[in-house]
Every structure is written in structure tokens, then in C-alpha cells.
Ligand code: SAJ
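Only one chain comes next, encoded as C-alpha cells, the form predicted alone.
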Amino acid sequence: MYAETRSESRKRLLEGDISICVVGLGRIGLPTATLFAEAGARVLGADINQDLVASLNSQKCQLTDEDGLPEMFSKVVAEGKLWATTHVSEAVSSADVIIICVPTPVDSAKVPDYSYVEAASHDIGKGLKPKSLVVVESTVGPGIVEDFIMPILEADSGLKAGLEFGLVSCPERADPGKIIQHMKEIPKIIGGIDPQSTEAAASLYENALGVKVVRVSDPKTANAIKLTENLFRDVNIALANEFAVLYERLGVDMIEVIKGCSTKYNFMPHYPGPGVGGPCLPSNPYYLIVESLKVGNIPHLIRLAREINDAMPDHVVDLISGALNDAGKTLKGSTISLLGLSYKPEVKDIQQSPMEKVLVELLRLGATVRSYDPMYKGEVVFGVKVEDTLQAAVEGSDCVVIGTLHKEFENLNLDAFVKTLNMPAAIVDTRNALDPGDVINHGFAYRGVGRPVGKWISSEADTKVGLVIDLDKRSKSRS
């Protein structure tokens, strides 16, 4: 594969003569393996999770929230084009292409954990054969492919990268919930350690997925592109959150501000919320921060954005406390219903969800917490059993908090809430899904991120709607 032309790789793909090993069968790896199998390749998925491998070989797709994946997966498995194993090195030894899709989380000290990448690289190196192509789709810091992964592959295989096997970085760019669609539509960024590696990978992705390929100079650049696009979002969300907290105090409606700003050609709207979750945005900045520190640079803005976004769950708890105070209640002893626990709508994924911090803090302060998330009905999430229905979650509650805007929460019946909640009750909308005036007209105390109370009521209610984020000292006193 490493030495083939585009036409040669296309011919082999059409004939079912290309074998691919996908290492890591999670959120990115399983769709990747499925798409290449659907394109005609013989695909062997490798994962250390024995239960997962057994389940996949029984045609049970774990990612039921990925549109189009379960059906495609069942088809290629039934046709014998895709199967799974726990024996990574053995799978690699028969593959022309090896694609690394293992997770790269950060630890409790906010340091990138490359242990999965390291283990995968050792396993791959032990089975790597000449003329193979290794593709790193896992997100890593600039330089990690060249300075960390490549030496392991060379040492364990006895082969020389750029001469006897190819190596490229092709960081995944798909959005959970739309991965199949995005893998076919969003251009792939490919940077190899040499031109031959780049062209071999480009030919594979163009032929198999029909996707546009952007060739860049090296793996370091490819990963810098992935991190830059994600950090751009994280920094701008942090700016929106900082504006939101400030405007609550100033009596300015953040959503109205965004609508006004959006009328100018060069404004790109970003919306405030309870924080940032998922496997990418909360982690990706630290890949770049660590590499920056290695060369004596301090990325101040990137670090500050992370601190601002990490502080938003505390702000949400303050909004809940303030709304309950308006309803004549205290946070301690109140029953609070959290609607939505996953980090994004319609995706069953709670990785670094800001609602975990909200829930834990509410419990610490003496509240009783119920939860409901349509993706986790009946399961235990963050130590609390998720109710089977929305009705069960809010029955007799003192406060309802919209944490994730699943479709089920887009048109909540406030009339029913009046009859169901323990009135007087409060509603806290962290996603700005509801009309504040409508909520208040129904008799609820209201708080929203970036939505000042004084805009919609003229009573003497407490307008202290949250703390101003102080990165050195944050208030922890709540009633």
C-alpha cells in the first residue's frame, strides 16, 4: 500500500484486495472500520475490550446514536467484510493499512494521557510488515507522531519509517451523532512523514470515502490544524460565557446582543452555556499547552479560556440558588430536576459533561437531585438513577434545570409544569431554550445563562444572578 499509486489502490479496493486494521473500536474507530468495509476493503477491527469485540462479532452495534451506522454495520458484518479481534499484533500482521483510533484523554492534572497510543504503537510495531501504511486518526499534539509514535513503531518492527513503511497523521474531524455523514463530506487533512506516505493515504481516503483530501507538509501540521479549529471554538465559547456572566450583572440580554451582532458580515456567533463537554474541546487545549511549554511558550489565552469554561458549572449552581431564593426556597433541602446529562443533544456520551459538576455540587450543598435524559433512561449516571420519563423526573420538584437541549426538551409544556412541580417553583435554562417572559408569566422564578432577571420582571426580587468569574478566587457561598 505504501508504494502504490492512486489507480493501483483503487483497483485493489474495487477487487476487495486491500486489508485494513482499525485499532480502537470506539466513537471514531467503529464508523471508520464500517465505512472502509462498505467501500470494499477487508477490515479487521482490533480492541482490547473483550466484551466489545464479542458484541460486535454478534452484529450488535454499540453506537446506536450514530445516524446510519447500525444498519451499515450489520450489513458489512453479515457479508463477512468486517470482524473484530482482541489480538492487535496478529491483526496488524495481515493488514496493508493500520488506522489508529484509540482515545487520548487528559488526566486529573490536565496532562495528555498518551498511554493508549503508546500501547497501540507497541502492538502495531510487533506486527508491522514492510510496505504497510500507518494512519494516526487519534488527536495528538504537534510532534507526537514524529517524536513519540514513530520511534516506537521503528524499534518494535525493525523497519524504517519513510523507507519500509509509511506513516501519516489524518486527525478525525467528525462530529458525534453525524460521524458517517461527516466522514464522507468533511475534507480529510493528511500530513505524512514523506510525500509517498501522504499520497498513499490520500489515495486510500479519496477512493474509499469519496472525500476531498487536503495534503499538508507533515504530521505536525495536520495535528496543528485539528487543534487550531477546536481551540478556536473553545476560546470563542469562553468569550461568550464571559460576556454572559457580565451582562447578567449589567442587565443586558446576551441573546439579544448576539442577534444584533449577527447582522454584521464579520461576526461569527457563539453561544453561552453551562460549560463545554465531550472528548475533544475540554481536552484538546492541553495537547497544545504541553507542547508549547516544551518550547518555552505560554499560551495565555488558551489557558484562560479553559478556566472560564471550566467555571461555568459553578455559575449554573449559583443561578439555581438565585432562582430558588426568588421562589422563597433554599437550595439545601430542595428537589432539583436536571433535564439532560449528555454533553450534547441526541448523543449518548457523558464524557466531561458540565452537568456532572453541576449535579455533584448540588448534592454537596444538600439538594435532592433527580435526572432525566432520553439517552440514559433507567441507567445510573453520575451516581444518580436516571428516571424513565420526564414526568417522573419533575413530579413534585422545586426546580427544573435544562442542561442539554435534547429534542424532547425543545417544546416543554409549562402549563403541565405548573400542575406538576412543587409551586412556587423555579426554572433554570442553561441552553436558552425557553422564552424568559413565558416562563415568568407561568409563575416560575427564572434564571438563564446571560439572561438578566430585571429584563422581564419589575419586582424587588433578588437580581444577584450569579458570581462574576474570578480566576483566582471563586465564591463558594450559596444559600
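Since we're looking at a predicted model, the values are computed, not measured. When you see a residue number, it is the position in the sequence shown, counting from 1.
Just so it is clear, the following notes concern the form predicted together with the named molecule, a form of the same protein that is not shown.
Please check if residue 398 has a heavy atom lying within 4.5 Å of any heavy atom of the named molecule in the predicted bound form. Judged by the heavy-atom cut-off of 4.5 Å, residue 398 is well away from the named molecule in the predicted bound form.
Report yes if any heavy atom of residue 230 sits within 4.5 Å of a heavy atom of the named molecule in the predicted bound form; otherwise report no. Taking the distances in the predicted bound form, the answer for residue 230 is yes, it comes within 4.5 Å of the named molecule.
Find out whether any non-hydrogen atom of residue 271 is located within 4.5 angstroms of the named molecule in the predicted bound form, and reply yes or no. Contact check for residue 271: yes, within 4.5 Å of the named molecule in the predicted bound form.
Wondering, does residue 219 line up within 4.5 Å of the named molecule in the predicted bound form on heavy atoms? No.
Mind checking whether each of 176, 276 and 343 has a heavy atom within 4.5 Å of the named molecule in the predicted bound form? Yes.
Looking at 280, 316, 190, 359 here, can you tell me which has any non-hydrogen atom within 4.5 angstroms of the named molecule in the predicted bound form? In short, 280.
Counting any non-hydrogen atom inside 4.5 Å, which residue from 76, 369, 237, 224 sits next to the named molecule in the predicted bound form? Looking at the other structure, the residue within range turns out to be 237.
Based on heavy atom distances of at most 4.5 Å to the named molecule in the predicted bound form, which listed stretch, 147 to 155, 318 to 326, 286 to 294, 165 to 173, is the contact stretch? Selected range: 165 to 173.
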